[in-house]
Structures are given as C-alpha cells and as structure tokens.
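Next up: a single chain in structure tokens, the form predicted alone.
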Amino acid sequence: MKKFFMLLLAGLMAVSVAACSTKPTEEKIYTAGTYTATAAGFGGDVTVTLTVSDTAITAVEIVGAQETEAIGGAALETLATAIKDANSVEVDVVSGATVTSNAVLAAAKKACDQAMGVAPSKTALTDGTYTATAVGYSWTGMMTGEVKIENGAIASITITEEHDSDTGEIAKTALDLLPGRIVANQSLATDAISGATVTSNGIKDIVAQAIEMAGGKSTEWMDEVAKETDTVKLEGYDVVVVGLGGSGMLSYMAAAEQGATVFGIETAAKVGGNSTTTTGPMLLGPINDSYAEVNFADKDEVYQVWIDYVGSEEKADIIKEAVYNNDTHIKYYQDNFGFEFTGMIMSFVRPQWSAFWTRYVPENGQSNIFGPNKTNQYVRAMDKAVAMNEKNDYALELTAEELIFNGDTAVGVKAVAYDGTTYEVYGDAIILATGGYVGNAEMCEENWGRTLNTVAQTTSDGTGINMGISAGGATYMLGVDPMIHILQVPNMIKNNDLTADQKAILSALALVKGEMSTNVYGEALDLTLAEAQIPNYMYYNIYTEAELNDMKTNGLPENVSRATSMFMKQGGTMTAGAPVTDMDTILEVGMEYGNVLKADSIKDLAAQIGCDEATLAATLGEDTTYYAVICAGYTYGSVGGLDVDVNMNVLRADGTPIANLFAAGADCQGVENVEGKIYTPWGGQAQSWTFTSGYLAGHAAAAYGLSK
C-alpha cells in the first residue's frame, strides 16, 4: 500500500523553488491536464502529480511509498495544500523536513515545467567554498561540511565534523562513498548509501544548503541519475548466501572452510549488519587461555532454564546446539577466522550467572556507543574466507529481490546493484540471512500491531523470510516481541532546537520510573515489565502543570535527575534541585516534535492518547492541566522467522525440509523463542545465535552443495 507521509529530519531550513506561477491568474499559463514527476526523497522516490487547468493548479497528490510515516503525514499535507493554494511550487519546505521536502518540491517543479512546456534549467552558481551544518544519524551532534563550487559545478564535498561514527560503524560507508558519487553525478538525486540512509541525507542536506548559499536552487540539482540495464549471470556456485550481516558472514565462512565455492550478496555498503551494534555473544565455556579461570554458567542449568522458558521441547535439538556447543562454535571462528573476544559480563536477569557473555575485542581500542568497533575484524575474516577458493566472492550494495526457480526448486537469486545492474546468481544451496523484518512496516504491523523506533538497520526488511515462504517454507514464532533494551523519547531532537542539557531533561521526564505512568490504555504502568512487554512498546509519564512549575522553581527531583537512556544519551547533564527556568521551552519544543502532549483535562488527554477516558480518570484522579511525556522502545531487530531444523534447513508446513534451502540469524531465530514472551532474555542470545546458526547453516549448505 502506498503511504502519504514525510520524515522529520534535519535542522531547520527554508528553501524556495522556481515557480511555474506565483499567484492565481486568468492568463493561460498551463496546458490543461495531469502531470507526474519523481525525485529521490529520504527513504526512496517521492512522486508528485499535478492536475492543472489553463490557469491554475487544481489538485496536488504526493506519494512517498518508502518514506517514514511517523511524523510526515501532516508535513506532506501541508506541502500539497501550500502548492495548490499558491498556484505555485514556490513554497517553503516544511520546517525540519529538508531532504524529503526538497524532493517533493523538485518533483513538483518538474511536473509544473511539463505543464508549462518549459525546459529544465539551473540557476547559475557563484564559485566558492561554502560551509553548512545538517542533522545526520547521530543523536549526540550535528554534521558540518564544506562544499566547493567551481565553474558552476560541485567540485568537492568534505565533511569536516561528524558524530555519526560515534553512534554506529555503518555511517563510515556514507562518509566515504557518497560525496564522490554526488560530485560524479552532479545531482542530489544520487542514491543514499544502503544501510546509512540518515547519514547520507545529512550529507545531501549540506550540499543543498551550499547550493542555496551559492545563489542556486537546490531543487534544480535533482537530475535523475542514469542506471545500468545490463543483466549479469554468475553460475556454478555450491552455496549462495543472501545477506552478510553476522549470521550471513559466519555462514559464508563455514561453507568456504568446508571447501564449497561461495558467493555472498549484501544490500548494505559493508558487512556485519546489525551485529555491529552488539557487544558480544553468550559464552558458556573457555575458548582460549584467558578464560581459564572463568566460572561459566552450568550448561545443564542453562538448557533447562531455556526449555522451561519456551515451554516446549519441540526445538530441543536446536536449543541443545545453542547451549552445549556454544563455545565450540565461537572457538571455531576464533581459531579459523581470527575473531577476538575478551572478558565476561553477567546475565541480564539471572545474577547467579555472573559470567555469561563476552565482548568483542575493539579494533585499535576503538568503540562507539554500541560497543567495540569490529568492522575491520569482520572484513579480515571475510577476506580469509574469499581466499579459500579463487571462485569465491561477494558483492556489497547488491540487493536480493527474489529466488530464481527451476520448477519448485530454488536454483539462484535475482539481485539488483546500486548502479541498476541486475545479477542472477546461481548455486546448488542457498542460505537466507537477511536480518529479519524490522525494516518491513507491513510485517511489523501484522506481527506487533505497529512499526517501531529502531537502532537496527532497516535494510533488514523481511526479504529472506519472504523468499523462504515463496519456496514453500513455513514460519515459526513469527510474532515474538522484538529485541528492545533501549527507551527514549520517540522522536529524537538531533538539531539545536534544544541544548544538550535541555534534551537530557526532556529525556529524563520521559524515562524516570516511579512517577505517574500510564500505558497506551490509560492504565497505571506495570513497572515490573521488561521494555518489550510494555503494550505497544510505549508509555506516558504524566505530570500536572503544578508539578512542572515546581521544577521550574525548586529543580528536578533526585529520581528525575538520575534518569538516562542506555546507549541513547544526548550529551547533557542534570543537577537535582537546580531550578529549571527554561522548562516552558523544553516542553514547547517537545510538543513540536511529538514527544509531549498537553491537555487541559483528562478527557482531552484521553483523546490524545487514544485511550478510554474513564480508565484514565481512574488512574489519574483529579481533573487538571496535564503534560504527558512519551517514552518509546527502540529495537535492535525482529526475532521470529522461518521454521528450520537442526541443520538450519528451511521446513515446509508439514515439517519436511527443503533440501537446498537454509536460514540463519534473525531470519530463523524464532526457533529458540516463544510467542507471548520476550526473546530469551539472559544476555548475548541474539549474537550467540548468529554463531550457532551460521556455523550449522554453513556446514550443512556446503555439504549439500558439494554433493551435487
């Protein structure tokens, strides 16, 4: 289903575009009809359709099938209304929605030019070096860049300050690749780097601002970038791996080590996927001498706790592999591919398991907000696996689309590269390891009732699961709640609308426990629930106006001043008892960004929350002015997926294996979990599953492929 929306994105900016007409007129300026044009937006193309009479724009339709819906609907309606009312595409962008707004207005100008019979043109630029600042992925700071304009063209783009690398390793791909591509294409319609869309759009925003500073119009720099139309066939592989996140890489390595010829497909511009946001895997036994003195959790106890938790022995053989061979699998990758680990961490929920999961060794001692940097470790391991056979290879920025069938048998994978080239990759065995479905809004709605805030790569869009289904595969525990450890306001304020200290206070108001908190039904929040158990993964901390006025005078209570988000702090500090004289500003900006609700009565607040008034009244009591500060869960990814056996063969509904089709990682993690409970919660489970499932899938797929 196409969705009409726009994403709240970068810093505030007001840009106009050349008009077809600046005001309604009786003079014939258009050729009556309907005109459509497209431009690259935040998450994909946006399309504008203008219907015109001889003298006026009579209807405006804007479609953004891949844009984020959370805040953008209102912004899109605002633009559509503004264009129609002005009879012009010379309208301001929606404040804070720079990238997508510019795409909409660029497409609108193209359509309007068609209606007028006007050839596209560009306003001349003044040579010089221009500095601009924009919002990227980071919630700890903005991005600054210098754009050199020479001979009226974009000559170079240099990012001089960025914080995106502090919040994830994937950002580097956009910082390294996108500036050169924009210069080569001379177009802001250059595709975002897969997996690093937000960082990419920050870079584009900097260039757009520089064009405006140089006297140009950024919407004139949205020329379509030509795509290749060739099809390349790659044949004769024993194993094809779809997805090179943690489990896909590990599957690839295991298959290559067994002597299979292997080709890997990865839509992002780097290997590692969501494994780059993890600290390390569960470890239940020593893998080198440094662990000799560790008091590991007893495997028999872990296994029994696990079986009791899922309440079934249906997948006991898989859970046994995950427990009893856990250290064997991890040691295999340490010994054969140079993976490095150090130290131990206690279990999240069972303190008696005081040494339960381990950490990756950080590359050159470097870490980011999500833990040790490990991309180079991954790349070295992949290089070693590729070198095991001269035919082995893998491709980044190559997006798998569907399986290729010969009758009912999957014989290959169709994929499209960032440059438009279509690849058909043929192999005897296929491993699906695309990271689950957190980036697929339809699947999230179907299984969780809503889409979610995420710290995961949304390139994990259910491709592998849907490929497995297309081959006759069944799913298992597809609706397991997502992996959520992080809480924050739902719409992070990444620009300078608030200072870091003000952001910290807003976050604390959302995060503090022990205040008046309600769930989405208006009921008092059960504070014993884990993040993934909270209904709709969202709750409201509710304050009376009198309570907030007291904080203005007497400062934050001690418990509020200590409330911070795990991993998603924004750099500010708070002091208990220090008057918050700028509380009104914090609340007003919070309301603008959809993080705070203000209501003059319980009835009004219930309407805004969407809950029953009587239920909320029973929770809150008195009728007064309320502020509800919203707290939302941020997920690392989905859990449920394809049904597999202990060899990671994808299973049909009748339980029989699809002989040449395998799955690993989040594409099949449901087999060690159960719907109705959060995913196995004791620590390091998801990352441990990448090692276990990758090991099993790689070995089994290699055995199958080599037998053909």
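Every value quoted in this text rests on a predicted model; they were computed, and no experiment measured them. When you see a residue number, it is the position in the sequence shown, counting from 1.
One more form of this protein should be noted, the form predicted together with a small molecule, which is absent from this view; the next part is about it.
Peer 1: Does residue 203 make contact with the small molecule in the predicted complex, using a 4.5 Å heavy atom cut-off?
Peer 2: No, residue 203 stays farther than 4.5 Å from the small molecule in the predicted complex.
Peer 1: Determine whether any heavy atom of residue 267 comes within 4.5 Å of a heavy atom of the small molecule in the predicted complex, and answer yes or no.
Peer 2: Residue-level check for residue 267: yes, a contact with the small molecule.
Peer 1: Even though the small molecule is not shown here, does residue 353 get within 4.5 Å of it in the predicted complex, heavy atoms only?
Peer 2: Output for residue 353 is no: heavy atoms all beyond 4.5 Å of the small molecule.
Peer 1: Just checking whether residue 696 would be counted as a contact of the small molecule in the predicted complex - the rule being heavy atoms within 4.5 angstroms.
Peer 2: So residue 696 does not count as contacting the small molecule.
Peer 1: Considering non-hydrogen atoms and a 4.5 Å limit, which listed residue (237, 539, 357, 626) is close to the small molecule in the predicted complex?
Peer 2: Looking at the other structure, the residue within range turns out to be 357.
Peer 1: Taking the small molecule in the predicted complex as the reference, which of 106, 134, 76, 244 has a non-hydrogen atom within 4.5 Å?
Peer 2: Here the answer is residue option 244.
Peer 1: Looking at the small molecule in the predicted complex, is some heavy atom of each of 492, 517 and 633 within 4.5 Å of it?
Peer 2: No, the whole trio is out of contact, none within 4.5 Å by any heavy atom.
Peer 1: Which among 271-279, 333-341, 255-263, 114-122 is in contact with the small molecule in the predicted complex, heavy atoms within 4.5 angstroms?
Peer 2: Partner-contacting stretch among the options: 271-279.
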